[in-house]
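Just one chain is shown here, as structure tokens, and it is the form predicted on its own.
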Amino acid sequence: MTEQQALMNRIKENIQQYCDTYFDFTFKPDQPTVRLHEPTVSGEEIFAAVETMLSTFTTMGKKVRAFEQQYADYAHTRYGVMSNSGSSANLLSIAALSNPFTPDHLKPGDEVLVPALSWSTTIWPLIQHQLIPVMVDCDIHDFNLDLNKLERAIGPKTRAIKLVHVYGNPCNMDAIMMLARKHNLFVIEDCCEAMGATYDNRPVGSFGHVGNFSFFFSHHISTMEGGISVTHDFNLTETMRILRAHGWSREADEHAKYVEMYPDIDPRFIFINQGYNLRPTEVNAAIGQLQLPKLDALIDNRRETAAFFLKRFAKYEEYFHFQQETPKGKHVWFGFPMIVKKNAPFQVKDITAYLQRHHIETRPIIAGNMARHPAFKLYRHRIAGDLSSADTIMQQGMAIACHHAVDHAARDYVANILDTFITECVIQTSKLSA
């Protein structure tokens, strides 16, 4: 063993010792806290990151390419293009579909149907490419696009559907793909909350022209920051690789073709398109390579926690509405969303404040109805019909933690605190009505 190898082993041992000592995210009854998210990484991922840094080869390279294929295999697609965030993955996919390199590409003024219940960077890439987002309501039961309202929203300028698998609950892909084929529409899947979810035993992200995922800290696995776009389309993949890094041909599989076409230009710097700099690092990929094999077990924990909450809170169905898993879908529970019904003796602000006082973190469901945010006063868009369900979710919805680290003690604590809150509200209501 060389001195360098021995030193590296000591670094690895020290990192593992540190994590064994200080990485304890289990519930502490004497200091009860249930956070919305906890880290998914352990000592081996941290060492892989340090080892990559020490190699000094940190710019996007072989590890990124390896992880792209690893993830594409998991997603049952032919190709993957990693980027520096899920938002960048959304941007790359729209940029590629709007690019002249893509046959019959999206053009300024074309309309794209999107769920009103979504996230900002689901929609901003459309506006950034002069497309018109058409906001469509969700179904109050599964929180995904309302299929009846979706079809009614299709107009003469409609060119694409950009869907969201809300909180990891798969959309009805049979119906959506049938609608897309009928009207010759592109389908973009925003799967940032739905890593590992399946519809009819097929991974989400593999149905449409492209699917986008996020590896941010709060998601099912994490590479610190990072995202990926998956597709079956080689040409779309090449375009995303070119757009991802400046518009040059360097990372394209067909780079040699461009070298031959433009022999008078330095082959390292042939710019063949517009571009960004949305590259991930080798460090991100090194972490991802170790995180991905853990994903299915992490999802099992989320599904077990969701099943516990659904069973435990069923007695409160007169006060709450709970998200329903799509038939043929495997829900991966980005969080556990709850809607306070209008007849409940409390409002959502009351329960969230109570939970927060007892160190149980809460949040809105995605961003609520994006059409109601002030930024949309600045940009052209269209609202298709009413958005009553998205409004209800925004005004009366909340979510609590449902991640891998919500253990049995944490589940019981959350349930008991909710029981106490409901009991106090019911008693208070009875006193007021007496």
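In case it trips you up, residue 1 is the first one in the sequence shown, and so on. On a predicted model such as this, the values are computed, not experimentally measured, just so you know.
The next section is about a form of this same protein that is not shown, the form predicted in complex with a small molecule.
In summary, the region of this chain contacting the small molecule in the predicted complex, judged by heavy atoms within 4.5 Å and restricted to 104-112, 81-89, 68-76, 306-314, corresponds to 81-89. With the partner removed from view, the residue among Ser98, Thr231, Ser249, Thr122 that has a non-hydrogen atom within 4.5 Å of the small molecule in the predicted complex turns out to be Thr122. Of the residues Phe216, Phe320, Tyr354, Phe186, just one reaches the small molecule in the predicted complex with a heavy atom at 4.5 Å or closer; this is Phe216.
Of the heavy atoms in Glu193, some are within 4.5 Å of the small molecule in the predicted complex. Shown alone here, Gly226 lies within 4.5 Å of the small molecule in the predicted complex, counting heavy atoms only. Leu243 falls outside the set of residues with a heavy atom inside 4.5 Å of the small molecule in the predicted complex. For Val164, a non-hydrogen atom is located within 4.5 Å of the small molecule in the predicted complex, even though that partner is not displayed.
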